[in-house]
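This document contains two forms of one protein chain, each encoded as structure tokens and listed individually as structure 1 and structure 2.
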Structure 1
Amino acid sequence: MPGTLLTLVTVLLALAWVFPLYWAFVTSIKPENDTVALPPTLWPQTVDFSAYTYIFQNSPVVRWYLNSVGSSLVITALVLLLSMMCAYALSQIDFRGRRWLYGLILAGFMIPFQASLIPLFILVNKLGLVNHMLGLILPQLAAPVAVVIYKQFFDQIPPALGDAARIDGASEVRVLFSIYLPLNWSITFSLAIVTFIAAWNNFLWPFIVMNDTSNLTIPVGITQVQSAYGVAYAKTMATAVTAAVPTILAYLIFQRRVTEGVMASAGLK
């Protein structure tokens, strides 16, 4: 009986989680007038895909897509590279101030991004990077979670492996990418997926720093889809569904890796 009850509760929670996604898709395939009809229907009386046709023909949604894909890929690659190199230095290289630097990175967990939003925007504005792709990307490269996860894995690798390579004349860069990185491909892959999804879904910073319609990312571009009479719900939902497709596919294909990355990140907070 407890098992049945637990299953029932789990199913109900799953349905509650899925319902907004279902409602967004159903709304996107309704005629615009039916989206505000009362009482609302769980399935459209007339299936209409004109909202999808409209957004692709009358809004720069393809450009928003390209902006999101480009910025998310660059952010993911740079976050992994910088975090890996920083973690390697903290784990394997004995230099002055190492403990102080690691404590500073850990302190990054206690500062929410929203708290640094205004000074960050002032800095980016003074650098002339507002409405520029660099202004969008650079502030998102700080990832203390990735640094700490990498450091934990590097700490578990026997130092003798690196010492043997150094005796043979290998540089620290060679040791990192030829010995330590191949031993941590699984965590690198998990972090890459989680970082890409987070960068793709990021709304607040792109909304603040980008003000040219053609430079928007897809989550921010959704807010720009309107009709002459106000918010067009079918078109807005069509844009939202279109924007969600890459993250849904990424999660379905790499579900196990995403779960491992989220659990590794959650274990550090």
Structure 2
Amino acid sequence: MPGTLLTLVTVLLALAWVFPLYWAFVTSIKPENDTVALPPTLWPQTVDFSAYTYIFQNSPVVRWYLNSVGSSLVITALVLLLSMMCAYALSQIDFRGRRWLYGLILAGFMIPFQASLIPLFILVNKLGLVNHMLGLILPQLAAPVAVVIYKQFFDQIPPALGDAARIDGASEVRVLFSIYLPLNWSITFSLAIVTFIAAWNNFLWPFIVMNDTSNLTIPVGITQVQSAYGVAYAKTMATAVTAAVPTILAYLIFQRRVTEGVMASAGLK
């Protein structure tokens, strides 16, 4: 029965793959002393949520959480809106320089923002936006991916659909939002989930641009408390679990959407 054996191996591999996450969660609900007890126990002797109460009371976790929620939601909404508008014009309106502009946006795929981190920081600093939410958000809106994906979708819609509305006197903005957008709800939703997860998880730019402890986003913030606790793994794991909850939930609830969004971003759809 080699088939059953292969299935068994696959399932065991999958379990091994998520085990570190299980282990992090279990550690976070143990009393601090039990985390370093030998031999380690696969399930806590006593379930204890004090690591969570401790981090919520003694570190700015809540503040970082709000920073992350706020910035990620704003980034998601603006990325979708601005990309959709730009892509609609590139796809449906015949204006001078549109091929040129699209070429420029496609070229953005080759440009790693990490390579120009220094001038980006200098610029944001000159604009007075270091340590400012706008400094965190604005550079993250300049990604070309969503524009390209939307343009490909808009290109596939038969022009007759928009023309009919235009003849009836609808403005381009109206055509975009009441005809093209409803046809693209599915990809818009997928992109929204993927953009939100990416914004929530972004590390390098928030790490560079936010210096005050109270301004950090949660993925950057949790790296600060870790050293403050010393070897306190229940607390460290509690902060890790807290930071991971939104993306894990988003993924588990919208699995199909995430898959679709990832595929589209990778250029496979």
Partner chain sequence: MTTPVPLRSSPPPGPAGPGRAAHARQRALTAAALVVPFAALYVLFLLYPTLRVLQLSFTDADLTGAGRWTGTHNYARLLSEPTFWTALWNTVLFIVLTAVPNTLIGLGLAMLVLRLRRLKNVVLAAFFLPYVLPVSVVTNVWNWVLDSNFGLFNFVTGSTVTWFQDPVWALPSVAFVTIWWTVGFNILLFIAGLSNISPEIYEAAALDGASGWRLFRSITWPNLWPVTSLILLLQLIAQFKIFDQIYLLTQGGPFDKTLVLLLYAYREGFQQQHGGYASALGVVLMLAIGLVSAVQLALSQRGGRS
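Residue 1 is the first residue of structure 1, and the numbers go on in sequence order from there. Keep in mind it's a predicted model, so treat the numbers as computed, not measured. Heads up, when I say rigid core I mean the largest set of C-alphas that superpose within 1.5 Å between the two forms.
TODO: Tell me which of the two, 1 or 2, is the form predicted together with its partner chain.
DONE: Only structure 2 matches the form predicted together with its partner chain.
Task: Rigid-core frame, C-alpha of Tyr251, shift of 2 angstroms or more between the two structures - done: False for Tyr251: its C-alpha shift is below 2 Å.
- [ ] Determine whether the C-alpha of Thr213 shifts by 2 Å or more between the two structures once the rigid core is superposed.
- [x] Stays below the 2 Å threshold, so no.
- [ ] Take the rigid core as the frame of reference and indicate whether the C-alpha of Gln45 shifts by 2 Å or more between the two structures.
- [x] It does, since the Gln45 C-alpha is displaced 2 Å or more between the two structures after the core fit.
TODO: Quote the shift of the Cα of Ala16 between the two structures to one decimal place in Å, the two forms being superposed on the rigid core.
DONE: So the C-alpha of Ala16 has moved 5.0 Å between the two structures.
- [ ] Look at the Cα of Phe25 between the two structures with the rigid core superposed and state its shift in Å.
- [x] Looking at the C-alpha of Phe25 between the two structures, the offset is 2.8 Å.
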